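Given next, in structure tokens, is a single chain: the form predicted on its own.
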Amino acid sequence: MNKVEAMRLLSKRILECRLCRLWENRTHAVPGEGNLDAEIMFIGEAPGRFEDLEGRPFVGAAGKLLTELVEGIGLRREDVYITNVVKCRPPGNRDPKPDEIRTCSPYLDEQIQIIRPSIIVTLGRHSTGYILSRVGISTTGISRVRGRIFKVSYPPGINVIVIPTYHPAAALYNPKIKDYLKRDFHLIKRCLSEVRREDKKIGLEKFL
């Protein structure tokens, strides 16, 4: 099965999902969107009000900032893949609960397996905590790990770089956090350049 068909079937399951309480109040589930061959995958926490209405991730004010940050490192939104750990909006934009993350996260794992990005950028403490926990790394808060590079194997046997940073929503009213985000995105740009150089080197070695 190719990537397009695999993601289509997965998205259909997400849109029809009733495995946790969040389906009861949703307008739309929000599977995610972007390039299925993306080098970078951005993972947020959960849809907000505008995302729930449109069925697309990061379309509100935080989404506008994320798009600006992506464009600021020479990419387009269409070049990357964007999703969340939890695919339905928690009531009142509250934090997703642990059982909701446990129920919904297998969908995220499948998305990662389909896309196989070189770099995963976790936006906020919930996505950071989930992804790092999957590779045996515990965290006590996003501020302690943001801007760090974790070279891990996830899914097992697939090498990927994980870079945690703040959720763009946290930067909307805090200029200091926005500065941190810009700094972290420059780190993402450097890591992407290194990944591309390494891929090119491996490609030449195979050709020779």
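Start at 1 with the first residue shown and count on from there. Treat the numbers as computed from the prediction; the structure is a model and nothing was measured.
If you look for the form predicted together with a small molecule, you will not find it shown, but the lines that follow are about it.
Residues with any non-hydrogen atom within 4.5 angstroms of the small molecule in the predicted bound form fall in just one of 34-42, 158-166, 55-63, 140-148: 55-63. Within this chain, Thr128 is remote from the site of the small molecule in the predicted bound form, having no heavy atom within 4.5 Å. When the small molecule is considered in the predicted bound form, Thr122 lies well away from it, no heavy atom lying within 4.5 Å.
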